[in-house]
Each structure stands twice: as C-alpha cells, then as structure tokens.
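In the form predicted alone, a lone chain appears below as structure tokens.
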C-alpha cells in the first residue's frame, strides 16, 4: 500500500494552471526526489499536499486517509510534516524553546505523555542532529547550516510518517550539505519516508531511490536517478532544446 498517493492533482491561479494532473506515489521507507526548473510548480505541489493551498481537482491520500480540505495542523496530526525553502526560525527564542513549540501538537502529545517526555524527545532529536550542544543557545546566533538542521528537527518532533523537505541544501556549504545528507540517510534508515525538492541535483541523486520531474506544472518524467539524468525531456527542460540538439547535454 502506498503511504502517500497524489492523483491527477490540478491547481490554478486564475487563468494560470500551476499544476496539471500531477500523479505519483510514495512507498513506505522510500526517499523520493522532486526536481524541475525554477517556477515548475514544485513548492506549489508541497503547499497543496500540506494544506497550505486548496487545489482544484484530484486527490491526495496519506496512509489511506483522504486529506483534501484538511488544514495544515490536521495533516500534521495524521503524520505528514514539512520544512520550508525559506527558513522560518523562531528568532528571539532559545533552541529548546523553538523545539518545544511543535510538541504541543495533538500527534506529539499522543506519543509523549508528560512534559518531561517531550523535553527528553527534543534533546534526543537534537543530539541525533549534532545540535545537542546548542540546546540553550539563542536561535538568532545559529549558522545557516544549524538553522536548516533545526528546521528538520522541529518537524521531527511531530513524529511524522512522511517528511517533506523543501530545498534542504539551499545556501549551504559542501560540508554542511554532506552533514544534512547524512542526517536524511540516518532518518530513512530508521524507517522515515522522505520526499525532497532540491535544485542541487548531484547531491540529491545520491540520496533518492526515485525521481519525478516537473516542468511548467506538468510531470514530464519519473524513474530511477540514473534513468532520469539520461531522459531527453529532462535535459531539454534544464538546458533548452537548441542546446540539446547540438549535443551540449
């Protein structure tokens, strides 16, 4: 049974079709990559899946539940959570305080009974992320890489079945990117299902088992990483038809 299933998803903004009949599925324990040029509709897709945008037609099922029309917090409580391309840190808070905010969700409370349990879970997650030493630091003082890890850590507090990562490598150095990749692999090894939007294709292809490609709101390819990088429609979407014809790809 598919853990996440998107079927013929369509989203319009007035006369503009941002997503057109997008369909794909994610198996339990899979890491799926979603790629495409800027403006292809990738973040719009995430926004529809997570309840931040209504969609015009199609369906989204999470572990057998139809989540159309549900609000973001309701979707989180069913086991799907996300991070953001543009970081949304809780400036003015300590790291421990920022991590405690999602612990008030219904799903987290059902898994962690007491406040002590919640604090222990937060500390455990931060230790696994390599952030254990900054528990009592101010969020304002963290590096870009630490903020990315904190964003993922906050999402993990909700005990998700599926984690959606929107450009987790954005703005990071090579070393920071390797660290985030290691964290994602470890989470997947522990059974977490992950869907990643990312522009840094070399790093992404090392992580994922399957890739779907979106261009102008349409799915143009789906397959294994080694198949996708050879797909003419994908090369054309990134490089343009003329460059493809003259053999630049």
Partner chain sequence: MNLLKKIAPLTQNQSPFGLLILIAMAVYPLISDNIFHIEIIKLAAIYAIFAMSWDILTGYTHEVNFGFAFFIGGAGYLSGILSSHLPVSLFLAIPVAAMAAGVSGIFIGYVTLRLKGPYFAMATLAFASILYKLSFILYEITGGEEGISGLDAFTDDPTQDFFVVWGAMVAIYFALCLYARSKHGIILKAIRADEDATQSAGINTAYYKIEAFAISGFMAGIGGGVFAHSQMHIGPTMLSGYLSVIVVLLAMIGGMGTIVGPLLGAICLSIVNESLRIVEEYRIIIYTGLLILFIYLAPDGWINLKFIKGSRLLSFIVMGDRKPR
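As the structure is a prediction and not an experimental result, all values here were calculated from the model. Residue numbers count along the first chain shown, from 1.
Beyond the structure shown, there is the form predicted in complex with its partner chain, which is absent from this document and is the topic of what follows.
Not one of 146, 161 and 192 is positioned with any heavy atom within 4.5 Å of its partner chain in the predicted bound form. Looking at residue 88, you'd find a heavy atom of it within 4.5 angstroms of its partner chain in the predicted bound form. At least one heavy atom of residue 138 is located within 4.5 Å of its partner chain in the predicted bound form.
In the predicted bound form, residue 52 approaches its partner chain with a heavy atom inside 4.5 Å. Among heavy atoms of residue 127, some come within 4.5 Å of its partner chain in the predicted bound form. In sequence order, 71, 72, 73, 76, 77, 81, 82, 84, 88, 89 are the residues of 58-89 having a heavy atom within 4.5 Å of its partner chain in the predicted bound form; the partner itself is omitted from this view.
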